Every structure is written in structure tokens, then in C-alpha cells.
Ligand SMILES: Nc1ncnc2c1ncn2[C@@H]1O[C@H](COP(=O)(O)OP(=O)(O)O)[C@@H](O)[C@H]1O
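The chain below stands alone and is given in C-alpha cells; this is the form predicted alone.
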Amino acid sequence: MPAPHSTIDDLTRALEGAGYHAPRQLVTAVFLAMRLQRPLLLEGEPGVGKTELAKALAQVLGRPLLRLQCYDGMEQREALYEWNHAAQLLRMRAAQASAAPDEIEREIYQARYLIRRPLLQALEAPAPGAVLLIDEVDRADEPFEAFLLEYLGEYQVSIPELGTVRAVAAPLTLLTSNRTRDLNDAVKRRCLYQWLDYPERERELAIVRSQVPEASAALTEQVTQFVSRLRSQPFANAFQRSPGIAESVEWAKALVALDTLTLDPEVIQDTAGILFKQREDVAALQPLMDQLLEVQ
């Protein structure tokens, strides 16, 4: 039986089977990342499906998903490894009576005393390899980006006490960025690149249907149409951030939980906190309600 990613069309169908409806351009980028064994940098607004793509790929490919959530001030040890100092200390005390100092040092700096973090776990994952998600890399600082270059370029890392660790099988590596700042050119050069935009309405309709099958066809149509209008001009200018796919899905689930049959101003206002996460955006919704519902 052919692999579920032997062609771009096969990969598209496999992702749809996992509930992820991706445009062909994105599937092509993923396909090439696998074939060329290159990391893939995904940029776009929050909530457009960057993280969900990694989850869907892990499911489709039958690989473990390893996630490295980046943040300001992140240190290398949190991404790669740290030594189990308690175990090393116990071993050192046990060996002091019978071993020379250089032998003790060799003994305690062995792989069994490593606490492996996502990067090292990805490199050591057996074939066919892991899916490594380096999430929101734009939140980390520039020194951390520099640290990633060896991994991104060669699928290897250097551990001073042990030497170079190379990938057993090349991990499928996805980096995501919300563009809170520009990434270093050296990082970009080592990656394939794809921008993720808000989906076209038909694709978002398919996503909501697959993620919230209990919603009626009429309600799903109304949800996707309303959210699409929110993102369109001139309405999008009224909000600090438009709702993403994640918000569309959560809103549909909430409306089903409320036994909503059709959208109206009251239920929209009562559930606006699912679509928007800023007080100002929720307030801006009210005066636009009649215009937004015109096509419902």
C-alpha cells in the first residue's frame, strides 16, 4: 500500500481525513519539506491553523509529535537537554572511593544522565522520525535563534561533554511565527517558507463541518458567513484582531451547546468573548451588528 504522502493529492486527502483542510499551496510546501528534508517556516495571523497542521501531520504520518513552545528568555537547556545533577552527584559520591577523578568525570557525563528536551528527543527518534513543532519562534530572542541554526541546517546539535548528536531519521520540523517580530535571515535561509492566511469561506466551512459535525448545516453556513464578514473590509478595520479558524470552530461548538438554531444579535453579543479576546473588539461589535447580519 502506498504511503499516505506519496503524492500531493494523497497528502491532501490524508490531511482532510484528519480534519485538516489545507490549500494546495500549503500541502505542496509540506510535501517538499518531507521530500527535501528541510524545515518549514509557517507565518501568519494567530488562529489560522499553523499549530493544528503539525498535529494533523503527526496523525497522518504516524509519527510522534514533539512540541517546543517558545517564549521570551528561553534558554538552550529548555530546548535541548540538561544534566540530571542529582543522579550525577549520587554516582560521583559512590565512585569517589575507588575511581580516579578523570574516570569519575567520564562516568558522570554519559547519555544516561541526560534529561532530553524536544530538540534532542527529535534527533534521537527512530525511523521514520518525529514531527517537531517549534511553536511561536518569534517569541524567543535572537541568541536562541542563533542556537537553532545548527539543528535547522544539519539536523544535529553539539553537546560539549558528548560531542555531536546527529539525527537518526530526519525529523519533519515545522516552525511557526505570528510575526510579532522579524526572524533572522539565517533562520529563514535554512527553511522552506509558507504564509498562512485566513481561509476562503468554502474551506472554512469544510473545516467547521468536520470539527463540529453536530452543528446543523444552516448554523454552520451562518457561522462561517458571519466570521468571513468580520474579516472583510470595512469591518476588519474596526477590530484589533479578526477571529481565526480556531475561534470559528469554538464559536460553533458554543452555539450548539446553547441549542442555537439561527444567529441573532442577542446570541452573537452574548458569545462575542469566543470570537474576540479584547474588550475593545467586543465593544466594537455591537454598533456593526445590523450590517454584519444583512446577508444572513
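All residue numbers are counted from 1 along the displayed sequence. In this text, all values refer to a predicted model and were calculated from it rather than measured experimentally.
Beyond what is shown, the protein has a form predicted in complex with the named molecule; the following relates to that form.
**Student:** Do Pro64 and the named molecule share at least one heavy atom pair within 4.5 Å in the predicted bound form?
**Tutor:** Because no heavy atom of Pro64 falls inside 4.5 Å of the named molecule in the predicted bound form, the answer is no.
**Student:** Using heavy atoms and a 4.5 Å limit, would one call Ile207 a contact residue for the named molecule in the predicted bound form?
**Tutor:** Result yes; Ile207 sits at the interface with the named molecule in the predicted bound form.
**Student:** Is there a non-hydrogen atom of Pro39 within 4.5 angstroms of a non-hydrogen atom of the named molecule in the predicted bound form?
**Tutor:** Pro39: no, not in contact with the named molecule in the predicted bound form.
**Student:** Is it the case that Pro243, even though its partner is missing from this view, gets within 4.5 Å of the named molecule in the predicted bound form, heavy atoms only?
**Tutor:** Because no heavy atom of Pro243 falls inside 4.5 Å of the named molecule in the predicted bound form, the answer is no.
**Student:** Using a 4.5 Å cut on heavy atoms, which of Leu230, Cys70, Ala252, Val48 is close to the named molecule in the predicted bound form?
**Tutor:** Of the listed residues, the single hit is Val48.
**Student:** Counting any non-hydrogen atom inside 4.5 Å, which residue from Arg190, Arg117, Arg203, Arg139 sits next to the named molecule in the predicted bound form?
**Tutor:** Of Arg190, Arg117, Arg203, Arg139, the residue with a heavy atom within 4.5 Å of the named molecule in the predicted bound form is Arg203.
**Student:** Heavy atoms within 4.5 Å of the named molecule in the predicted bound form: which of the stretches 230-238, 259-267, 28-36, 49-57 has them?
**Tutor:** Partner-contacting stretch among the options: 49-57.
**Student:** With the partner left out here, which residues of 5-29 have a non-hydrogen atom within 4.5 Å of the named molecule in the predicted bound form?
**Tutor:** The stretch touches the partner through Gly19, Tyr20, His21.
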